[in-house]
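Presented below, as structure tokens, is a lone chain in the form predicted on its own.
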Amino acid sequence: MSEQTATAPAERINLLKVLGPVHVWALGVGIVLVGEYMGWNFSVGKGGAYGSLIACWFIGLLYTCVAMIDSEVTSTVAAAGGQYAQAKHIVGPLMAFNVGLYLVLAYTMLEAADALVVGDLLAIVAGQFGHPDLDPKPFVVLTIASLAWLNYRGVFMTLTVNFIITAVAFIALVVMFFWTQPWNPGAVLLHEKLLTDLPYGWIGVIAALQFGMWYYLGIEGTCQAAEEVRSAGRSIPLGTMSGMITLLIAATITWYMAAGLLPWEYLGQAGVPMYDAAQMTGSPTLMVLLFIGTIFSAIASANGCINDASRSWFSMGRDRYLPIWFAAVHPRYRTPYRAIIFLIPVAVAFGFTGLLDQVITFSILSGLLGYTFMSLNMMKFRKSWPLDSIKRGYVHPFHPLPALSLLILCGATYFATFLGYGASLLAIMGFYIIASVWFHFHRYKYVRRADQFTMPWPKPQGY
């Protein structure tokens, strides 16, 4: 029997609405906070320490625009799939399919990078205790499999765990900040000796924008909880915007500590920079705390990525953009269990490459394509459904300035990525073009066009 003629079950099992603002915060910050422990520092290698700080604040502006736009649209389109659900209602099927893929690949590759960090850090610590030949790959598999099992068992437990371990990882950064006595320059932090001018000029600052995204990459994942929160109009904006404030603080103090403890030449290529910075303090207590913080941040990020990638994959299956088999909801745990299980080997395969910077780059590029869509989507949303035409849970201010700013910053970051990873940029663009052709000529015939639109909106202006 073809997918077009298959009948739906008599009773649909839906996802549970059990989450509140704290879970939304835990999902967004949990995915991102690992970026304060590793990954961001590659921007130092591109533009020097000052270049990395400039990138941190410029990209912080980009993500503030993302958070504001997402808060408005997601609190109105409260469905699993986040930006994918927005695209199918506002732009159209082909854009929705691509946005769904952007989300799945961005989160799955970020999950793989997180698992790589866990494995590499355990191998480093094992080497310090006389076991230099420890293979990190089993820890990559163990991390992904354990977190997939947690996600399989239920979203409330998953994000409650994420809140706890994310809070511990954030507190570890704050404790280290006060430990380094920022009020007493030269006592611990040596900015006067370590900071230099821009080593590669302003072109280095532009190049640093690519890895500057790692400070915040993934905060848009709060949208994936829209169908499982008790009140989307309250929880999504509150959880997303408070998460963005948390990350701006964490990013700034992270740069300040690392730049005052490590030479920029080393910092720009370090695998676990905050753990290395803790070692430079000479404090065993701080080293243990930052080891725990690094591990917890990576686990929290991978945990949130599994949640978000599976919701996007599940939503695409439910709308028949992918085989409907992926749309199954577990009858007991109310989770998209088939989507969770299916994506495990994909994440493990990326993790086994061991190429942390390449995996990060592919995740960044997929996310960047999604952010470009957001700016265009926001302008079309406001034009097609003005403020007084439909009820919104949140209205972001200053429109269209955030959308235009986001578009300009995305363009600058594409250029920055091309400078260092031009081949990767072209490869992933080629992949999405091929996927689009496949969807248009093969998959779209299975889509039930009327069933995919679930919002009770009036016809758009000018229809």
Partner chain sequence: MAQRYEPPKQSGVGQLVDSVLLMVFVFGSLMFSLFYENILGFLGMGADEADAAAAAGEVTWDSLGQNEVMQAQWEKLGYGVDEAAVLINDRFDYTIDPVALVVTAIVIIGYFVFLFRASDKEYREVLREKFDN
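Numbering follows the first chain given and starts at 1. The shown structure was predicted, so the numbers you read here are calculated from the model rather than taken from an experiment.
Here the subject shifts to the form predicted in complex with its partner chain, a form of this protein not shown in this document.
- The single contact residue among F362, W255, F314, W214, judged by any heavy atom lying within 4.5 Å of its partner chain in the predicted bound form, is F362.
- Contact with its partner chain in the predicted bound form, judged by any heavy atom within 4.5 Å, is made by just one of Y394, Y50, F58, Y421: Y421.
- Heavy atoms within 4.5 Å of its partner chain in the predicted bound form belong, among the stretches 374-382, 69-77, 235-243, 166-174, to residues of 374-382.
- Against its partner chain in the predicted bound form, the set L261, Q269 and L322 is in full contact: each member has a heavy atom within 4.5 Å.
- Within this chain, I292 is remote from the site of its partner chain in the predicted bound form, having no heavy atom within 4.5 Å.
- Its partner chain is not shown here, and in the predicted bound form it never comes within 4.5 Å of any heavy atom of L142.
- In the predicted bound form, T196 approaches its partner chain with a heavy atom inside 4.5 Å.
- The closest heavy atom approach of W438 to its partner chain in the predicted bound form falls within 4.5 Å.
- Shown here without its partner chain, the chain has I90, V91, G92, P93, L94, M95, F97, N98, L101, Y102, L105, M109 in 90-128 lying with a heavy atom within 4.5 Å of that partner in the predicted bound form.
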